[in-house]
Structure formats: C-alpha cells, structure tokens
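Next comes just one chain, in structure tokens: the form predicted alone.
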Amino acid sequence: MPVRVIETIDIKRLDILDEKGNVDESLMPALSDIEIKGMYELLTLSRTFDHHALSLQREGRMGTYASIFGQEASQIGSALALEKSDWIFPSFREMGVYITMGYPLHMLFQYWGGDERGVKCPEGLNIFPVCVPVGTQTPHAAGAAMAAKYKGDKIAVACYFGDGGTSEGDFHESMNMAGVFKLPVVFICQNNQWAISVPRERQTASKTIAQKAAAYGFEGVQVDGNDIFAVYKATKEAVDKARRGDGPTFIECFTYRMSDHTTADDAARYRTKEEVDAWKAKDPILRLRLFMEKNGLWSEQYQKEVEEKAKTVVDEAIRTAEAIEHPEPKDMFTYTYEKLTPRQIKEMRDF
C-alpha cells in the first residue's frame, strides 16, 4: 500500500502595521480616528502605569512586579476586541488588559502592594484574579467556556499566558478539551521570547507556537504582537467566531519582553544588549505614533497632553491605593477555608 498524506497544516501570520508606521490597507480593520487615538492613549497609560510600578517597587512601596514593557500592543489590541460580558483569565503580566477593560488602577497598585483585595473584581467586569502559577489558568478558562456553552451564553472566554506556559500539561489538556467540545475560548499566547531565562527555542521544537492548535483540531494563527492593528483584527475575528459557536482559536502574539522577567530578575545575565536593542525599533507605541503622524493624528502638543493626563491618572491611583487602610493580617487565615484548621489556629496564636 502506498504512503498517503492524511493531513497538512498551514500557519498564517498577520502583519498590518510595520515598524515605519506604514499599513497594509487591504488588511486594516475598520477603525475611526477617535478609536485609533484611543488605542494610543491606552498604550501610553499602560506604559506610564508600568514605569510608576517599577519605581514604587524600587522604593520599597510595592512587592515584586512583572513589567509589561514592550508587550502593550498584544494586551491592549486583544482586550479592545472583548466585551465586558466576556470572561478573562489572565496570568501575572496582563496589566494592560486590566487597564483596557476599565479596571480601577488604584486596585491594581493595591494588589501589587500586597493587598489581595485589589483583585476582588468590581461589578460589571468578568476578570479572574491574577494567576501566578504558570499555565494553571488555562483549565479554568476551558471550564468557564464549557459552562457558557451549556448555558447558551453568547460570550467569549479569553485566556492569556506566555510562551513558557505552553510547556505545561495544563495548557495541552485545556487545548484538547477546547478542541473536542468546540468551546468558545480564545487562547492568547504572548510569546515574548523568554520564559524567565529559558529562550523560546528551548521551549519547543515547533517552528511556531501557533501550530500547536492543529494537534487539537482548531485554528492557530501568529500575529506581530507589536502591531496593535493585527492583534485587534485577529482577536476580533476569534471572539466573533467563539460567540457564533464555531469553536476556539489560538493566537500567538510574537512580541518581546523589553524588561526583566520581574523585579526579582536580571535579564542581562542571559540575553545580550544587542538583542534588546534590535527589538527597541519594534516598539509598539513608536510604530503607532509614526502611523498617526503620517495621517495627521499626532502632534507634539497632543503627545504632551496624553502624557500629562496619563501621569495625573496614575499619580491619583497611587495616592488612593496608599491611603487604603491595610487589611488585618489574620485575614490570610480567616478566608482560606470554611473553618479554621488546627494548624491555622496554632499559626494565628503564634502570629
């Protein structure tokens, strides 16, 4: 019997906005000038939040923090395609997603300052708490998508993780469940090239991370993660498909972590300055600014106003967060189980 080819796969990559601010008009999503400016202002606000968070950590006013520097377009472009009724399952590096969805900034500072009440999601938003263990939010997302399908809710579930998360068993189990049951979930991988000190080529032998979706029977697509238009377009198509009941999508946002893994890391120990410098030219905010400048949407005065507004908003959020009365230390025991265990009782007594 002859050898037959029973399956082949094609992995597409979407690029719309290049590093010089030029766009492919045939692929450009329908966005008004006001919406494009809104994207730029969210990018600026998220980066301002990030820079202030890093400063607060260095001053001892905040705990260990995971910077989003360089990954803003992957987060904001995808979040803008979501509705407040959708469910979002973040990892520990999605502050741009929280900010885009309208999460109170002071609560984010509150959380990173060590107060877990900062991730008690406000009414009207469906964002699960920050997930620090790598990849464990993926089965939560698949479960929520299964519940939505059972209930007939026309919503999408978005799950964020990094390239390192795709090496975890939870990721593969969740992808398999999503494929088998055609769940309304969009898996969004921010491939920032490094899982702490482990480079992407040590994570997988696959040419792309996006192609992993093919093994589970659904579409995987790679996008330029520093191109906010491409990220938005790919995510919008994926969430629309999910809401129609046409199943999951896996989006690989090809981006770069410009900062250390966290404030407890020193990336200079494992990557070169030349590599970082090469990615600086791909800055997502810079390329959108170049596009806006070419299309009469940007000026020095506009830039000054955007930066001043972002700084004012972030400064006010910090003041609000730091004015909140600290939680009772005993709360870490009180709200863990329905009833205190003998060990907790002893720990509280010795506290």
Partner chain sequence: MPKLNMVQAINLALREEMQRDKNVVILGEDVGRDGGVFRVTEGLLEEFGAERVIDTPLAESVIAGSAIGMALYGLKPIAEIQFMGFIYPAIDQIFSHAARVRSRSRGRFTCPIVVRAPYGAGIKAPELHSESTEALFCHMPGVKVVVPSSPYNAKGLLISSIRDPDPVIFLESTRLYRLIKEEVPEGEYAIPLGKARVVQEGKDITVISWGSMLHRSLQAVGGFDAEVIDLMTLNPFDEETIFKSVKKTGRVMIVHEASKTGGFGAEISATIAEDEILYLKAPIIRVTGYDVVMPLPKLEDYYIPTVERIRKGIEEAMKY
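For clarity, a rigid core is taken as the largest C-alpha set superposing within 1.5 Å between two forms. Residue numbers count along the first chain shown, from 1. Remember, predicted model here, so these are calculated numbers, not experimental data.
Keep in mind that the form predicted together with its partner chain is missing from the display, and what follows is about it.
At a distance threshold of 4.5 angstroms between non-hydrogen atoms, D246 is out of contact with its partner chain in the model of the complex. When its partner chain is considered in the model of the complex, K149 lines it closely, a heavy atom lying within 4.5 Å. The shortest heavy atom separation between E328 and its partner chain in the model of the complex is within 4.5 Å. Using a 4.5 Å cutoff between non-hydrogen atoms, E168 counts as a contact of its partner chain in the model of the complex. For a residue to qualify, one of its non-hydrogen atoms must sit within 4.5 Å of its partner chain in the model of the complex; none of S32, F291 and R319 qualifies. Interface residue among A195, M101, A81, L108, judged by heavy atoms within 4.5 Å of its partner chain in the model of the complex: A195. Residues are counted as partner-facing when one of their heavy atoms sits within 4.5 Å of its partner chain in the model of the complex; in 151-165 these are K151, D153, I155, G164, G165, in sequence order. Core-superposed comparison between this form and the one not shown: the CA of K20 stays below a 2 Å shift. The pair E338 and N126 is tighter in the model of the complex: their Cα-Cα distance falls by no less than 3 Å compared with this form.
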